[in-house]
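Consider the single chain below, provided in structure tokens and representing the form predicted alone.
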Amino acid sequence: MIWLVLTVAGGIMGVVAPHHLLTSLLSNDGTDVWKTMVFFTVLAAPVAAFVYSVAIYSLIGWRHRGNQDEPPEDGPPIRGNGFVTGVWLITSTVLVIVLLVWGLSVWSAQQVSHPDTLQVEVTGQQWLWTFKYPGTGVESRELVLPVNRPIEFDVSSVDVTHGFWPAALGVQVDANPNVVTVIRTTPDRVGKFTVRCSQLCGLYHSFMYAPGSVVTSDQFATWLQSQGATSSAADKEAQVSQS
């Protein structure tokens, strides 16, 4: 009964909690992160409930009530129980395989490159982010992205290891010194977000964040021109994102 109650409670928490704990999600990858958290929590609920229920039942039902000066008798040898050991081994194996297949499918979906991908060069340094848009001449401390456009982030650092983390986009990757790491996503909703650093990188780590936003194609072209891009380059980006 304890196991059943805790399993139901864990499953409900896994479904309800992400809605209240996660930031507003603005990309397909963010949605995948939400689905993964729900799926993993629901699968883990019966396992965690079993561990907790055994501990609770042991404290309540098997606590030593006799003479406190005498040690209690040994409990049943669970390790020698072939049935219990087999069930635990098979269940753990099945869960690991399911999680592996899920993780590989989500990872492989992120590796697909699209012909109209917008490339953004992301550079971290103590303690700020810089974003460059190749082909436009635009370099900004604000990350602006067009909606429904595949994005490729080329992430690197000029000093120490940082963590590029626009949580609302559902992606995160380390920014390593003099190494370019590629990560992709596709924003599917208009809105604002914040880029944070997920690696402890020095004294002002907690202040290393940058504003970000997902805008329409026309707004993106207008923003590029306001940052110094030529009208032809801005129009080209807008035309691609609308195609």
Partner chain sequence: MPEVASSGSEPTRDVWPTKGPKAKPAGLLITFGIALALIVGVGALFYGETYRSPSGTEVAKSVGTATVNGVTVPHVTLHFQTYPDSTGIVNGVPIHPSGNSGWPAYGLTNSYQVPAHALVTVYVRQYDSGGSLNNPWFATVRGTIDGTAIVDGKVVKSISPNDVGHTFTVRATPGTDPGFFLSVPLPAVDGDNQTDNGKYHTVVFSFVSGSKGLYAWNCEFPCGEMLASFGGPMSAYGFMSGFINVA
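Because the structure is predicted, anything quoted here is derived from the model rather than measured. Positions refer to the first chain, counted from 1.
Beyond the structure shown, there is the form predicted in complex with the partner chain, which is absent from this document and is the topic of what follows.
By the 4.5 Å heavy atom rule, the three marked residues Thr130, Glu139 and Val160 all count as contacting the partner chain in the predicted complex. Mapping the unseen interface onto this chain, Thr117 falls outside it, with no heavy atom inside 4.5 Å of the partner chain in the predicted complex.
Contact check for Ser156: every heavy atom lies farther than 4.5 Å from the partner chain in the predicted complex. Not displayed here, the partner chain is kept clear of Asp218 by more than 4.5 Å at the level of heavy atoms in the predicted complex. In the predicted complex, no heavy atom of Asn148 sits within 4.5 Å of the partner chain. Annotation for 167-203: the only interface residue with the partner chain in the predicted complex is Leu203 [heavy atom within 4.5 Å].
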